[in-house]
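Subsequent text provides C-alpha cells for two forms of one protein chain, presented individually as structure 1 and structure 2.
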Structure 1
Amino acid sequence: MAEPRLLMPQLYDGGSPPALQGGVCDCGHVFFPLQAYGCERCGGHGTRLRPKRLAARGRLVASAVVHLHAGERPAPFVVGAIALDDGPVVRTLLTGTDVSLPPGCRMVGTLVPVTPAQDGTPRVDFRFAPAMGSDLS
C-alpha cells in the first residue's frame, strides 16, 4: 500500500508528533505560516527570518461550525482558533463536529485520513483535537 500523502506539506510536517512549519525573527517574534515578507513586529526580512518547528499544542480560543460550504469539503465541519504554546494563534480544522468544547480547552495536532487523491493515493490532513491523558499539560 502507498504511503499516505500529507495535504499542504508546506505548512505542516508529518513527524511524530506532527508540527506546524512556522518561523521566528531575530527580534523573537514567532509566526505561522513560514513566510519571507517581513516580520509583523519589527519589519525584519531576509536572513532575519528563520524556520521554526512549532509544537502542535495549545488552547482553544474559539470555534464555529460551518454548515454550508461551496468548496470540496463536505459540511458540516468545525474551524477553531488555537493559541499555540509556542506563540501564534492559528485557525485550523478541528476533528469531529463538536462545538461544545469550552474556550481554554487543551488541544493537540493530529493527522487524520481524508478522501484519497484522484489517483487513489491515500491522504492525511493535519487537524487539532481535544487533548487526552498526558497531552493535557
Structure 2
Amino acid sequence: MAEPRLLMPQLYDGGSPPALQGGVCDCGHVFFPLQAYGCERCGGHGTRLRPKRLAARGRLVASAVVHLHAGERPAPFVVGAIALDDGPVVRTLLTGTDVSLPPGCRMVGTLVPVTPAQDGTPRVDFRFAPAMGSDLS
C-alpha cells in the first residue's frame, strides 16, 4: 500500500499531529496560511515575512453543522473556527463529531483519508477534531 499523499502540502505537514504552515512578519504578526504578498498588519514584504510552523492545537471559537451546500462537498458536514495556541484563528472542517461542539473545547489537528488521486494513490487532508486524553493539555 502506497504512503498517503497530503492533499495540500503547502498548508500542513504529515506530522502527528500535523503542523500548519503559517508565517511570521518582523513586526510580530503571525498568520496562516503562509503567503509572500505582504503583511496584513504592517505591509512588510520580501524578507520580512518568514515561514513559521504553527502547532495544530487550540480552542474552538465556534462551529456549525452545514445542512445545505452548493458545490462538490456533500452536506451535512461540520465546520469550526479554532483559535490556535500560536495565535491565528483557523477555519476548517471538523472530524470526530457530527454535531456542533461547545466553544472553548480543546481541538487538535489530524489527517483523514479523502478521495484517492487519479492514479489510485491514497490521499489525506487536514481536519480539526476534539482533543482526547493526552492531547487535552
Partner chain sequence: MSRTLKDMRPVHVIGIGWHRYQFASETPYVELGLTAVRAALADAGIPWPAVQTAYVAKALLPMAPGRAMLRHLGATGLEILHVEDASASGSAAFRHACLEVASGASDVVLAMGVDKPARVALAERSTGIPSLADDAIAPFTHFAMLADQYAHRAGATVEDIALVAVKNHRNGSLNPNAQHQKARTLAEIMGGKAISGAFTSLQCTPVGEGAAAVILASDDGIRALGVDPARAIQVVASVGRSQRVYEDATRFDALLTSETAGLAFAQSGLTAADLDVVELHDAFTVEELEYVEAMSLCAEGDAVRQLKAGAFDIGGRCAVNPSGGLIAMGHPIGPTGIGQIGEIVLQLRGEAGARQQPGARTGLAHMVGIGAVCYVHILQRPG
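Everything numeric in this text was worked out from a predicted model, so none of it was measured. In this text, the rigid core denotes the largest set of C-alpha atoms whose superposition between the two forms falls within 1.5 Å. Structure 1 provides the reference sequence; residues are numbered from 1 along it.
Of the two forms shown, structure 2 is the one predicted in complex with the partner chain, while structure 1 is not. Once both forms are overlaid on the rigid core, the distance between the two CA positions of G46 between the two structures is under 2 angstroms.
In the core-aligned comparison between the two structures, the Cα atom of A70 sits 2.8 Å away from its counterpart.
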